[in-house]
Structure formats: structure tokens, C-alpha cells
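Heads up, the chain below is alone and in the form predicted on its own; it's given as C-alpha cells.
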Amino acid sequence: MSGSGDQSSLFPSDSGSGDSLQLPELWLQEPGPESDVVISSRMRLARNLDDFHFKSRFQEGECERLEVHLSQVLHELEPDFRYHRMHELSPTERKVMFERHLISREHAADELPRGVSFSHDGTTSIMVNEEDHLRLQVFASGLDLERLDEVINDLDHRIGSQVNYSFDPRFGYRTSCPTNTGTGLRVSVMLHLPTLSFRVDGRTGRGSEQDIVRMQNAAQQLGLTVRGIFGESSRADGEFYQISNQVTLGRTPAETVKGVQSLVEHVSSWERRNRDSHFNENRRRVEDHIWRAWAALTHARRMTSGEALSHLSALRFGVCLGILDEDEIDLAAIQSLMVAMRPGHLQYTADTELTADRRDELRADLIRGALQNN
């Protein structure tokens, strides 16, 4: 299952389990710069229109009028983008979009008129009537903040030329939550840090929880934060961590990008040093950890999403260390499986309601089949 192979069989077709949802391509399949440590980069802008109340103060019918207005604006600006109204999608379809980070958890669950516009390659999504009127998002594999900065600024300027953004000369862009006021910019980078949180046989390895605490403290001093794989309020499953900025007021976008980039580069170097020393000092334990994960993934008949993510994390570690041959499994295949095995994707592919036990069975079948077919 190498990077030159085809992972499309892991995913449902565009038509999916219903006629309404059209899924984009999975951009995460292709690793980007610094991909041995950095999974992906994201930039998000929060924007509101001056001509409408904030979401919390919508008057009767205002939310629906805004959604219709913005859907038309976005279609004119990006006619090739796909637009979906949330109320027209099933709960499973919304869950799939959340698992691909096209929408937030809150956007998937809200009942007000709302929508999302996204590119065919899935690297751009625009949420309408989330917490703010507009949430612009752009994504890239690996550490690619400089390019994303250009992409999102271009998108922001083009939308801003068609609508009146709510802006204060002193405080910047007005947002529903004060934590986004100012630039409205959130920069997030997802990292895989197996040795900074590595444990074997109940003991800490070269990395430890103290290393993670040190990283969190360093982030806090820079106005940044460390979260789990799905951002705010999520846990760091499978040794995957997200570094993002907390401060949007009083800092320029360039300063925010530079701060995140600097910490990510520092943490990445730290992780790489730990990998080398940890592997040299604990070779047998590391190899055992990785091959046990391989054995579980290629033989288990039931597996929870947490177990699968933990084992796939170990496989990713093994590929980066050269323990696993990339002709057998590579980062693109692992990152595809990390998405395809999630609950929403399993249920969407099955096109029927699944119990948790049945999802665990299908997840094990999916992963086992993908790895054994190499």
C-alpha cells in the first residue's frame, strides 16, 4: 500500500450513501514538507458582515436570509466549489465532513440555517453561520504555512470585495467570541510526537509526560496552545498534537504565523533528536512496540477507533524510523487509514445504521484488508 498506489478503495464514492453529499478528495493522502513529524497545517479566519446581526442576536428570518445571501456570493466567487446546506445532509454525512475537518463539531450539530462551501480537492472550506457568519479554512499536508497564508489572504480579499466585513479601526475584525477579535486568525499545525509521549511496558521511554508539559508551557509563554487531534476540548490520541495560537488581538498575522512556525520547528527538531536517541537506547522495545501494532492491525477482528489510531501511530513511527519498509506501508497509506477508519466514514460506507460493536468489526476488516493486500 505505497504512496504510488491507489487508496481510493478505502473511501466511499462521491455519491456516497445518499444523493445529497459530494465528498472532496482526501488531500491528507500526500505527505508534505517536514512530514516525518508534521501531519498537516491549517489557517482559519473568522469574519462577520456589517449588514447583519451577530449570530447570537439574529432576528426572525435573519439567519436564513444571511445563509442564502452568502451561498450566492460564494457561488459567484467560486463556481467550481461545492455547496451543501447542513439541514439537507444526514447526521452521518455531517459526521463525515467533521471527520475530514471541513466543518466543526458545532457546525455539524447546530440546527440554524447554515452551510459549507468547499473545493474539489478538499483543501479549502468556508463555513456559513458557524459561530461567526463566515469561517474560512485552508489546509495543506506537512508544514506549509507560508503558502497557506497567501491562499487564505487571497480568498479573504476576494470575499471582502463582495461583502461588508464588520471591522473596527482600533480593535480589528469584530467576532462573536472576543478571543477571535483582532485578526480573526487561527493557525494550527498537527504533529506526530511519539517519542515525546512514548511509554513501553508501563514505563516512560526517552520522552515522557514531562516533555509534553514542557511543550505546553513553552506554547503558553508564546501565546499558543497545545490540543488534541480535533482541536479545542479534544484529547491527544495516538500521540497526535495540535499547536495553535490563542491570541488574535494585538498581533499581526505575520507575527502569529512566525510564532507558530518557530515553535513547530523547535518541537519537530526536539522530536527528531529524541527519536534517534530513544531508538538507539531502546531498540528492542521500540521494535516490539511497532511489530505488536502491526500484528494487531493485520490480525484483529474487532478494534475501537482509539486502538486503531494508537496502532497506526506506532506504524507511522516505524516507517519514519525505517523499521517498516515503505514498499509495504507508507505515510500516505497510514494517513488514509486514519481517516477511513473513523466512525462516520464506516457508517457512511456501510450505508446503514451501525452499532458500536459492528463498527469495531468493520474497522478491523478495513485495516486488515488494506495491510494484508500489499
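Each residue number is its position in the shown sequence, starting from 1. Nothing here was measured: the structure is a model prediction, and the numbers come from that model.
Here the subject shifts to the form predicted in complex with another copy of the chain, a form of this protein not shown in this document.
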Location of another copy of the chain contact in the predicted complex, chosen stretch of 146-154, 292-300, 87-95, 180-188 [non-hydrogen atom, 4.5 Å]
292-300
With the partner omitted here, the residue among E106, E281, E265, D288 that in the predicted complex has a heavy atom within 4.5 Å of another copy of the chain is D288
Exactly one of D330, E67, E307, E34 comes within 4.5 Å of another copy of the chain in the predicted complex through a heavy atom, and that residue is E307
Residue-level contact is defined here as any heavy atom of the residue lying within 4.5 Å of another copy of the chain in the predicted complex; does D365 satisfy this criterion?
yes
Does another copy of the chain get within 4.5 angstroms of any non-hydrogen atom of E353 in the predicted complex?
no
Do any residues of 346-366 have a non-hydrogen atom within 4.5 angstroms of another copy of the chain in the predicted complex? If so, which ones, in sequence order?
D357, R358, E361, D365
